[in-house]
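Only one chain is given next, in structure tokens, and it is the form predicted on its own.
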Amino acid sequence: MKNIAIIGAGSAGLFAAKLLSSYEDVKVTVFEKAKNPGTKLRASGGGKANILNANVKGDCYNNHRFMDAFLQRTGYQTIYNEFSRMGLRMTVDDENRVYPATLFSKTVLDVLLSNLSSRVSFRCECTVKKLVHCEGKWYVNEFPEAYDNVLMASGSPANMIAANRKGIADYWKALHLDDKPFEPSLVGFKIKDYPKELYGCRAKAEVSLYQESTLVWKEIGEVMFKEDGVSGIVVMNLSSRYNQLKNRKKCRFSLNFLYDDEAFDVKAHLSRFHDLAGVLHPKLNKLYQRKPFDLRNFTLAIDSLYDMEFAQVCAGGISVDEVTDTFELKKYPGLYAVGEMLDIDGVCGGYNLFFAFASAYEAVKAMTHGH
């Protein structure tokens, strides 16, 4: 009987446990610091769980080369098929985002937890503080049970308040792996000299991220104006590109509210109607009346990213140079690292959950080779 420990009952850990459940000669213990498994998964996609993207591409991640190579081995269809085998019906929207057909995240969690073998057990409310390797076996905390393999799937501190983030990576930091500090990604931005009267406004625009005069990236989408900054899917996607800059000095957004109408003449409209009430959101129109701006180049100077507790995922983590193609740590045979604890992060749209599931799939395949 092969004995495997999984650290973390999040997306990657639960997917791995479900896959391992089908092996009669494998026993699994899942360690989870929270009271219940799958807390973040239940909240993903606004409660709908955008689990995959049907057009997943390497350039939608921070480490393009690694992901291009990885996607040659394990693509979207592989993970889609695994979920189908688990009994999950899925639907794909116009932007290739894959959801459970129920559009309810708990459906995914229920599928992952249903019909698990009695050989899979959970230790919830159990924080892993250390891993010990002795005579070819792994030991978790002070527990006497010896494990042949350990799958580290404890994620990142994204969406956690500061108190809950404390010490969550201590157990693997002690392994002295090459890593980058975790930073918030897929998150909003605080804006310098922010026009606070825009709070509560939502407007669709082409949003361009510039560093000085250099265009970094641009996308079209809805911008949400917060108390002191901006958010929304398009803004969060730009945060992923922002994190990839070597330095982040002198960055700004340019919003084009007329991206879909190049011929629109603002001066002629004002001459005829005297305001932009029929063109802009009321709060933007009110701001324009107080302080006119270019509707094709409304500039917002970036101050900083919002805090980690507002981030959907993190940038940073264990370097991919530390793992093999199957996510086994090169320095520690038998120990695997998957999902968001690795220095891989993607844009919105199911890319990050796909990587969590797909990396877990590859690790399970390697651990059960020959079984």
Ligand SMILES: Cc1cc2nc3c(=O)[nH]c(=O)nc-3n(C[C@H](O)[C@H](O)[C@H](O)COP(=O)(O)OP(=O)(O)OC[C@H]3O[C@@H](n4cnc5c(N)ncnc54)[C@H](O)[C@@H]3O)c2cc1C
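Predicted, not measured: the structure shown is a model, and the values here were computed from it. We number the residues from 1 along the sequence you see.
Note that the form predicted in complex with this ligand isn't included here; everything after this is about it.
Heavy atoms of no residue among 22, 362 and 365 are located within 4.5 Å of this ligand in the predicted complex. The chain is drawn here without this ligand; in the predicted complex, the stretch among 215-223, 155-163, 260-268, 70-78 whose residues come within 4.5 Å of it by any heavy atom is 155-163. In the predicted complex, none of the heavy atoms of residue 122 sits within 4.5 Å of a heavy atom of this ligand. This ligand in the predicted complex is not approached by residue 29, whose heavy atoms all lie more than 4.5 angstroms from it. In the predicted complex, this ligand sits within 4.5 Å of a heavy atom belonging to residue 127. Among heavy atoms of residue 34, some come within 4.5 Å of this ligand in the predicted complex.
Within 4.5 angstroms of this ligand in the predicted complex, the stretch 290-322 places a non-hydrogen atom from each of 311, 312, 313, taken in sequence order.
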